[in-house]
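Take a look at the structure tokens below, where one protein chain is shown in two forms, each on its own, as structure 1 and structure 2.
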Structure 1
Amino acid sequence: MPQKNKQYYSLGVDIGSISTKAVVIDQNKKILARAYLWTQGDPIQAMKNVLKTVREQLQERPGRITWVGATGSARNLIGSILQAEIVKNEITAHAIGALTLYPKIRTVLEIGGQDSKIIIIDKGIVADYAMNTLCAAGTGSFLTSQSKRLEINIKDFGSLALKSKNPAKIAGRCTVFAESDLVHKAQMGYPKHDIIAGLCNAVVDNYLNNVGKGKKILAPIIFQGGVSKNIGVVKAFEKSLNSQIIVDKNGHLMGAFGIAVIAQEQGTKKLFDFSIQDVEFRTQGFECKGCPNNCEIICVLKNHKFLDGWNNRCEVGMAKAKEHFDK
């Protein structure tokens, strides 16, 4: 039976290399459901898991999901599985997310699991951005691996760093150097919290020297992404930039939130079906062998039928892959 005041929701999924995020918002851009889980190298399973979490949170709600957007490094794969109309890069998603909540923002700092970016905003539109290239030094996964080495729960990392009065100096330029510096300092007898505070400073230095190089960082500044939950890094940023830094309580979900907003604004309505959770999806490589490029096409199969593929340089390969899997 059709309801009169029917509500329509928008689902945003952000599948990063380390974590998978999902957010459902209503038409007033209020977050109704959220999920944050580890990707664990299996984006399809991670997507199913976040959908499950989100569905549970939505049970009491009357509305239906009519827009779907996907972002993050696995956006093409998940986008085609979810049949998302909007599949966009995470830089745009983060910018829109931040701008929706804080329209006056000038700078967005973002540090995620494997990447970090800076977005400069001028009069409410993106004016410039940069993203780390080649190297994951100073990102979330670096902090996680170092906290494992020091046998500290990553959740306590930030609060421990705040205890330090004399942070150890740790080279932040390169993960390998930082690690040998860290081992060296630890063996010299530095207390753990000083080392941790040193690591936080190293992340910030690396970020500002690398991603933030040549960019004018103006207040108000917002810091988001998984690492924004680390209070030690936040404080290090505040000290280094000499300015207050906004950290939203949903800062780690901002990419998913942003893509949900974009989907709502740009997409057309199409009912989303949660039963996709129960469908079997599988990815498989296919070597074209049609020319010396020998493209390895990554195909995603829905119930053993070809759904979509990537990595081809020409149309011939895709047609061959489709034929191969559909026969």
Structure 2
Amino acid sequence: MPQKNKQYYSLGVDIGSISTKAVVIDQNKKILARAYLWTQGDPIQAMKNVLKTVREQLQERPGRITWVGATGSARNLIGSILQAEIVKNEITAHAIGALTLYPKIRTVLEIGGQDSKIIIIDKGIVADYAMNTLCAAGTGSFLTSQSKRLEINIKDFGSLALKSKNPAKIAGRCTVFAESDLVHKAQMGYPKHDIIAGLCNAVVDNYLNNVGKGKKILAPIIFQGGVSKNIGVVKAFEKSLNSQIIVDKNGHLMGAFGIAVIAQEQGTKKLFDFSIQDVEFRTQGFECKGCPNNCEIICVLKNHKFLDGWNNRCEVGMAKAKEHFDK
């Protein structure tokens, strides 16, 4: 059991389809190490990459990681590999992350690479939430694809949008309409900064009419996720909502920060070993065929041996999967 006089840290990993984030916090919830990298279709390797990054940042630190949490779309997979005690959905992680730093927050706006969400908070408790379903026109990947079309670095998107006095009207109902409108405006000779400002407005309109539809958006409002770094979108939100928008410098890491906080508060101390980076992990499906359900169990293999699995409807399938891979 770890000794009380030593420093102990909490690791939070937020792994999504576009980006993978990790933070390490101390017992005062101060961020000591952070990583933000592209997932690139390989969540296991992305997890190893962020672990390598935070490990390097912690080399001069005397403490040890004793709490681990995972969130994001691949949280079950990465949670199993990390042997994380705490595995929670993104809504919970983002809400706790925001409330830890801004206890009076009432609305969380979040736009990531592939999805977006809104969280309504009442007296420190999540009262309502929603996530985008079909449309991708209000996400970071949409803005990135349009920046490439316009041959503009996505990092310059926001600052260029602020130069516009007459934003172009871009349809924000869906990606196809927005791209068609963008091409049309460009062919008509609209300045790029007006088109970019129009795109920022379209993202906000799409978000409020889709994710935020029917929600009572009250201040204080915080904007999180990778798109929160785009000042053009921030200003478009402020104009539409007629309210100041809080953007934390670590807003793009808030899911990882939130799950690190939850792990610290709800988990038990268990030393984490970074040597996990050198272990081979992979996933493989296994069909039970033991009954008409014919469950396809998602199995996580560690050095070719069964580590964990899910998607089974009964214990028989899991036992058969373990026996199959461990024989």
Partner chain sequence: MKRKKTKQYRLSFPHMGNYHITFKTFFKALDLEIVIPPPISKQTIELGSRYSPESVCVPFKYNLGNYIQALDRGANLLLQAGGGCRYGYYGEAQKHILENLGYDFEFFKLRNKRNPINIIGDIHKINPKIPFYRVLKAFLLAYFKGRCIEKAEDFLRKNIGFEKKKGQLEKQFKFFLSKLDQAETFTQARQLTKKYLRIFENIPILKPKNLLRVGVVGEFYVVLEPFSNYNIEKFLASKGVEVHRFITLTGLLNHSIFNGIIPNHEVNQYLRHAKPFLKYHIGGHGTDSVGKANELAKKGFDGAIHIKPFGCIPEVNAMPALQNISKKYNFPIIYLSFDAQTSDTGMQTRLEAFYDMLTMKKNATKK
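Numbers given to residues start at 1 and step along the sequence of structure 1. These figures come from a predicted structure and were not determined experimentally. Rigid core: the largest C-alpha set superposing within 1.5 Å between the two forms.
Sort out for me whether 1 or 2 is the form predicted alone.
-> Answer 2, the form predicted alone.
For residue 315, CA displacement between structures 1 and 2 after the core is overlaid, in Å = For residue 315, the alpha-carbon shift amounts to 3.4 Å.
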